[in-house]
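A single chain comes next, written as C-alpha cells; it is the form predicted on its own.
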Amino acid sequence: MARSRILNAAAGGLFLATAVVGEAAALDGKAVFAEKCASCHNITGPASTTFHGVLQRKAPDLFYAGSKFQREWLVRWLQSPSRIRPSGTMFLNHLVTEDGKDRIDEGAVKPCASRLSAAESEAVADYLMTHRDAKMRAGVVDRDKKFSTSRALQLFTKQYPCVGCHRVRVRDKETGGVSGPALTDASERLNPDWVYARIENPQYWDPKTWMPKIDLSHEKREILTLFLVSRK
C-alpha cells in the first residue's frame, strides 16, 4: 500500500512537471518578457554611457543574460523574486543623510513585482538564455578546480576593494558592503566564465560602473572567481 502511494505521488509529480513543460513550450517567452519585464529591463543593449542614464536605470540590463546567469536559477527567481542589490539598482537613488551620516533607505528599495508562473518562468528563462555576448570566452574557468579560500579572502577583503561594495557569506556569516549586488548566492546564480570576464573588464559590460578595472593576473582572477562561485 505504501509503495502504491509513493508511485502515485511520483506519477503525480511527473504529470505536473510535464504539464508545466508543455505549457511553457506553448508560451512565447519574448512576448511574456515584453509584457511583464521589458518596462524595467534593457534587453536590446547597449548599456548606458552617461551618468544620467545610469541614474534612470530601473533594473539591471539583460541583453547578455544568457552569458551571465544560470538557467535553473532564473526559473526559480522569476517565480519568487528576491532582492539581489541591497541598495537597489542604483544605490545613489536610495541614499539619505541623517545626522551627518549616509544610509540606504531600505523602505524605498523594492524587489521585482513581476512574479511569473512556472510555465512563464520556463519560457522567459529560455528567451533570456538566447541573449549571449558573442565575445565572451567560454570554458575559461573550471569551477571544480581546487583553490585556497584563505588566499581568496585575502584578495577579496584586503588586497582589493571588492568587499566594500559586495556582500559574501564566509563561515555562515555575511560580510561586505551594500552598494553592489550581493554575491551570497553566486554559485547558483552566475556563470563562472561571466564572473571572470566581469572582473577582467567591468566597463565592457557597464561603461559607467563604479567597479574598478584592476590589472590582475589570470591566477588572481581565477581565484576570485572560484571563491565567488563557491558562495551559496
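Numbering starts at 1 and runs along the sequence shown. Quick caveat, the model's predicted, so the values are computed rather than measured.
The same protein also has a form predicted together with heme C, omitted here; what follows describes it.
S.K.: 47, 93 and 167 - do all three of these have some heavy atom no more than 4.5 Å from heme C in the model of the complex?
M.R.: Checking in the model of the complex: none of 47, 93 and 167 is within 4.5 Å of heme C.
S.K.: Identify which of 136, 119, 112, 141 has a heavy atom within 4.5 Å of heme C in the model of the complex; exactly one of them does.
M.R.: Going through each option in turn, the one that passes is 112.
S.K.: Verify the contact flag for residue 158: yes if a non-hydrogen atom of it lies within 4.5 Å of a non-hydrogen atom of heme C in the model of the complex, no if not.
M.R.: No, residue 158 is distant from the partner.
S.K.: Residue 83 near heme C in the model of the complex, any heavy atom under 4.5 Å?
M.R.: So residue 83 counts as contacting heme C.
S.K.: So, residue 228 and heme C: in the model of the complex, are they within 4.5 Å at any heavy atom pair?
M.R.: Yes, residue 228 is a contact residue.
S.K.: Hey, in the model of the complex, does residue 27 get a heavy atom within 4.5 angstroms of heme C?
M.R.: Because no heavy atom of residue 27 falls inside 4.5 Å of heme C in the model of the complex, the answer is no.
S.K.: Going by heavy atoms, what in 161-196 lies within 4.5 angstroms of heme C in the model of the complex?
M.R.: Counting only heavy atoms within 4.5 Å of heme C in the model of the complex, the contacting residues of 161-196 are 161, 162, 165, 166, 179, 180, 181, 183, 189, 190, 194, 195.
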